[in-house]
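Starting off, we have a lone chain in the form predicted on its own, written out as structure tokens.
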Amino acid sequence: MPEISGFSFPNDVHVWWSLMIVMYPYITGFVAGAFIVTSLYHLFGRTEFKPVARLAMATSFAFLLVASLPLQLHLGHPERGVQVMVTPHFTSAMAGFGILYSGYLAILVLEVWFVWRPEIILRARRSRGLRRAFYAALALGTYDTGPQALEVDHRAITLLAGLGLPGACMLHGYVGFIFGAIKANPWWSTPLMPVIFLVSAAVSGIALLVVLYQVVSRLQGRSPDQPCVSALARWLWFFLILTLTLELLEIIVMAYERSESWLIISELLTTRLQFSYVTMQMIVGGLIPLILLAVVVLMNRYLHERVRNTLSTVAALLCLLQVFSMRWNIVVGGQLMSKSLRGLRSPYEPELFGREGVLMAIALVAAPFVILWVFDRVLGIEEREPEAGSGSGAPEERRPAAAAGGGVHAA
């Protein structure tokens, strides 16, 4: 039985929004943050992000596929979860999830197809049998990789990136809106909540890409592109400054107003959330990476490549810890405080097993990396140089659809 201090209502004893509700904004944050990076290249022409642009898009796609699973696992009837997409009730705030998730998924699938279309065609030309039929189906009957077709692809990618960027931001800002709209809880109901969720999503997405890029580069036996690493560190530092500033401003405003809710919030921060908020979110996950990234950004020209990579990776890992702590403190912390504003519940300890347990949360984080591995095996994340002579010739276009077993040579 949880320990209660002060005065609490009977329905304040339990933590209803469990670890899965913490995982939901954590995973959607990777979706939005990774898409921001790929948009910086495809939409805003920041060529320094070219080495990670395809990795960022594939990462956003992989995490989006599992983004709804934490909610499904939390529902008492997971089979009803799809109803929010097919029959949304527009008077409910949750209807926004179905609309935003479905719309953003459609945009991202289209953009992935246009970006990887030359790769799909190339693999269709080189394959045989069922493998060829698979890639031919993915190519949707279009095998033109000539300059005009690639120009059309480029325009489509730019258009979809322009549509997808606000979609990705809305998908995650909407999570902050859900919490910010709960007026009964002063820890959640602040105007800054959607903005904090959005900028922290950028932090988590960029931090994840920093780590992924370093790991992938090591696995492939090559050194990470240093202008790209410096750019990622610079943008991560920028969004981390915004995140910490907004989170501190939120607390400072509450403390300055000294409303009746501040008495219980201050007790919450100095007792139940002292370790997860002060130590993990603000110091270990906030202040330390802020200093490390400042060294990388301000002393970039003096740093050796190895030092720059190490500092950036360590800072990124700590940023991932900061964002998870922030999600935990918002979701769980808000439920430790009684609606009477006079009592606190004992800290929440998630179960190890079960569909809302720690092992399931680890599996949810691991699942997108498995999807990324499959994605790389099927389409290839690393960009290949175009084959000489590949184009839109009619015989070439008909090759993938031809009967299996014929001797076909690309170009």
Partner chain sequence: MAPKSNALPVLQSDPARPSPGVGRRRFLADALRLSGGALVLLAGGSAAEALAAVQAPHPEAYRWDEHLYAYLIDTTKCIGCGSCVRACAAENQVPDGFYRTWIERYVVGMEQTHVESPNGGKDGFGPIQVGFTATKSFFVPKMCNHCRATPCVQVCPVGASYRTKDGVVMVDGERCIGCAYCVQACPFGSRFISPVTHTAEKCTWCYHRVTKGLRPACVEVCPTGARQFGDLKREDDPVRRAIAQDRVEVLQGHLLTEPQCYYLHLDKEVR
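A quick note: this is a predicted structure, and the numbers were derived from the prediction, not measured. Residue numbers count along the first chain shown, from 1.
Unshown form predicted together with the partner chain; subsequent notes refer to it.
**Student:** Any idea which of 78 to 86, 148 to 156, 317 to 325, 208 to 216 reaches within 4.5 Å of the partner chain in the model of the complex, heavy atoms considered?
**Tutor:** Contact criterion met by 78 to 86 only.
**Student:** Considering the partner chain in the model of the complex, which of Ile182, Ile251, Met299, Ile288 comes within 4.5 Å of it through any heavy atom?
**Tutor:** Selected residue: Ile182.
**Student:** Which of Trp116, Trp188, Phe239, Tyr277 has a heavy atom within 4.5 Å of the partner chain in the model of the complex?
**Tutor:** By the 4.5 Å heavy-atom cutoff, the listed residue in contact is Trp188.
**Student:** Would you classify Lys339 as touching the partner chain in the model of the complex, given a 4.5 Å non-hydrogen atom cut-off?
**Tutor:** Yes - in the model of the complex, heavy atoms of Lys339 and the partner chain come within 4.5 Å of each other.
**Student:** Can Ile99 be called a contact residue for the partner chain in the model of the complex at 4.5 Å between heavy atoms?
**Tutor:** It does not: once the partner chain is placed as it appears in the model of the complex, Ile99 has no heavy atom within 4.5 Å of it.
**Student:** Indicate whether His74 is a 4.5 Å heavy atom neighbour of the partner chain in the model of the complex.
**Tutor:** His74 belongs to the contact set for the partner chain.
**Student:** Looking at the partner-bound form in the model of the complex, is Ser92 within 4.5 Å of the partner chain by any heavy atom?
**Tutor:** Yes, Ser92 lies within 4.5 Å of the partner chain in the model of the complex.
**Student:** Using a 4.5 Å cut-off on any heavy atom, which residues of 302 to 338 would contact the partner chain in the model of the complex?
**Tutor:** Contacts from 302 to 338: just Gln335.
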